[in-house]
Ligand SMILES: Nc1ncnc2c1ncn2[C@@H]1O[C@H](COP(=O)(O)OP(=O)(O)OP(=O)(O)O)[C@@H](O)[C@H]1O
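In structure tokens, one chain follows: the form predicted on its own.
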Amino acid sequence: MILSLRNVSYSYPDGTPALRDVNLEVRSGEIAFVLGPNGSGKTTLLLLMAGLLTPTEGGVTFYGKPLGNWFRKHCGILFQDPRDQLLAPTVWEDVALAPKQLGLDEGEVMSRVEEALRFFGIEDLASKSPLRLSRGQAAKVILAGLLAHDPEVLLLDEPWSSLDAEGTEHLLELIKLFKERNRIVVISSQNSDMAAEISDTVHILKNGELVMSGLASDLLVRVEELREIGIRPPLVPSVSRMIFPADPPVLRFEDLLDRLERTNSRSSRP
């Protein structure tokens, strides 16, 4: 299972270019982060990957097939402002929308909705109008709907911007669950620390161009390059670079701690 972009460019209706000649692919079981400064094209890229925008040039495929209306059953997306995608009269009906569109029987729909509401701790919102929700509550409702849908491709646009600490923990559990189910997860964000914590691959945009793409463990330790692009490097490699300027930075806290312990051990020897 591969979601692939080949030579994809996109321009807005007024002719302003948003993305230029982007090539990337995301595979089953992979958590991919799209990082970049404001205005770099991250949201546009996610909308192209969802099939909600059509490339000006190039193409997006899933299972080698060009995206179309058929792809909606396979893909779920969280917008940057989740309140923009709440459609039904009640929260329960909103979470049930996607399962119903899959043609599931009533019992399965009810089971999925109830499980999803419990997962995010929002059972008390079930009968509430989506119009009366806070942004954080709206995000949890959309995420619950994505869990009930269980798509093969999960796309999240700046998901942590709407969530409190508890919501963030639930989201991380959801992402872990989708990885365990061998789904594709793509996250657009400026949160390089979260990318360092959970991503497998990273794709970095600047001014609509893909300037870096590869394993998170390779790219997120390039502290100086990230700063030049306009991305705040993750904390651990930044601290690693400060403490051990002569050594390659490390990405994980555990690796930094190990390096500190080994350094202290050597310095304490007689």
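A quick note: this is a predicted structure, and the numbers were derived from the prediction, not measured. Heads up: residue numbers just count along the shown sequence, starting at 1.
There is also a form predicted in complex with the named molecule; it is not shown, and the following applies to it.
Quiz item: Any of the heavy atoms of Thr201 lying within 4.5 Å of the named molecule in the model of the complex?
Solution: No, Thr201 is distant from the partner.
Practice problem: Indicate whether the named molecule has at least one heavy atom within 4.5 Å of a heavy atom of Gly230 in the model of the complex. | Solution: Judged by the heavy-atom cut-off of 4.5 Å, Gly230 is well away from the named molecule in the model of the complex.
Quiz item: Can any non-hydrogen atom of Asp14 be found within 4.5 angstroms of the named molecule in the model of the complex?
Solution: Judged by the heavy-atom cut-off of 4.5 Å, Asp14 is in contact with the named molecule in the model of the complex.
Practice problem: Flag Gln190 as yes or no: does it have a non-hydrogen atom within 4.5 angstroms of any non-hydrogen atom of the named molecule in the model of the complex? | Solution: Close contact exists here: in the model of the complex, Gln190 approaches the named molecule to within 4.5 Å, heavy atoms only.
Quiz item: Taking Ala196, Ser217 and Arg222 as the candidate spot, are all three within 4.5 angstroms of the named molecule in the model of the complex by heavy atoms?
Solution: No residue of the spot touches the named molecule in the model of the complex.
Exercise. Look at the stretches 57-65, 209-217, 234-242, 36-44 and give the one with heavy atoms within 4.5 Å of the named molecule in the model of the complex.
Key: It is 36-44 that comes within 4.5 Å of the partner.
Practice problem: Any residue of 133-170 with a heavy atom within 4.5 Å of the named molecule in the model of the complex counts; write them all down in order. | Solution: Residue within 4.5 Å: Glu158, and no other.
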